[in-house]
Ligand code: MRU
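The chain that follows stands alone, in the form predicted on its own, written as structure tokens.
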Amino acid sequence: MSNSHDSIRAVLWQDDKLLLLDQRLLPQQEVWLEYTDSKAVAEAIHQMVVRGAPAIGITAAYGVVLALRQQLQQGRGDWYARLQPDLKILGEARPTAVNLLWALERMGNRLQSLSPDEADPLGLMLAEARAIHDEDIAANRRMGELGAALISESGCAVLTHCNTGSLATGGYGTALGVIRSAYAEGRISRVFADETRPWLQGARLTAWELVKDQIPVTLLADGAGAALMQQGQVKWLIVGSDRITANGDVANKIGTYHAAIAAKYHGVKVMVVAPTSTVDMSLADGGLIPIEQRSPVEILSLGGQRVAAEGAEAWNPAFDVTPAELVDAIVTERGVVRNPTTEKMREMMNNQ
């Protein structure tokens, strides 16, 4: 893979600090924010300085490192018990993204495994956070290969929704990782990207990433996707996910369900790309996924300016659930599940 198609990283650990590229300011400004406090990291997750399920999990893992450092500065003692309030605050920052809870559980298990007289608990926990980060990038590259192989057409166009690239992950991306790989192999010639209201992740982030990595991109309003499909312009809808349930139902950015229905009607295939840390086998179906409700202000305003009539109310779920029967393939680092069912999902998750 040419580095020209993979030049972006949004989460860094540098000089004993967590650095986050402030995605709220893209594409107009590229501003890096520094964090040394775990509560500030939780607020950064909630305020969408960082977003995308894998990136949220990685950021939370580094947040645990910062919390531990703060506790150690106050004395050693039982650091696991003392860290519980910090872990709770991090865990409540974005409830739908299961990667957040997965990363915190993994970091918590590592904490529990440390002996009270461990010489360098901070170093060991930082190594665990870095491992989560490195494993995510490796998983994304593997998913890129697997997903690209599903695209049998040569030089076709695809549609994507929200942002699933390096900005949403440790690097390379999930759905955009597949797109990067497929573009490098000549399977994709152009990407159509939904603008993704109300935060405009498609317009601000996906388009920025693809332009920066020299992949042709055309932006469209969220409501234009069905007309694009009707004209036969795209062969695949490729998206990520914040949580996938045991039966293959998929929670993703609001508007994904809408796009998947249109894809089904027009014979466009739907590919969902996400690491296995996104799969929640404890939930039987998508109806059990907690859906984050965000402030009505995000719908009623744009760029800080009111755009809706005064007195109008707004409904602002951050995610919707696409039923498994609308999904042609779920791609993870462990393999591909075609036409997902509970049995197929279980088999994939047991494939170590």
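Sequential numbering from 1, following the sequence displayed. Please read all numbers here as calculations on a predicted model, not as lab measurements.
Keep in mind that the form predicted together with this ligand is missing from the display, and what follows is about it.
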Every residue in Ala53, Ala168 and Phe319 with a non-hydrogen atom within 4.5 Å of this ligand in the predicted bound form? yes
Heavy atom contact within 4.5 Å of this ligand in the predicted bound form, the stretch among 218 to 226, 246 to 254, 125 to 133, 146 to 154: 246 to 254
Interface membership of Glu209, this ligand in the predicted bound form, 4.5 Å heavy atom rule: no
Considering non-hydrogen atoms and a 4.5 Å limit, does this ligand approach Arg94 in the predicted bound form? yes
Find out whether any non-hydrogen atom of Val178 is located within 4.5 angstroms of this ligand in the predicted bound form, and reply yes or no. no
Under a 4.5 Å heavy atom criterion, is Met48 part of the interface with this ligand in the predicted bound form? yes
Please tell me which of Ala103, Leu90, Leu237, Cys162 lies within 4.5 Å of this ligand in the predicted bound form, judged by heavy atoms. Cys162
Going by heavy atoms, what in 11 to 33 lies within 4.5 angstroms of this ligand in the predicted bound form? none
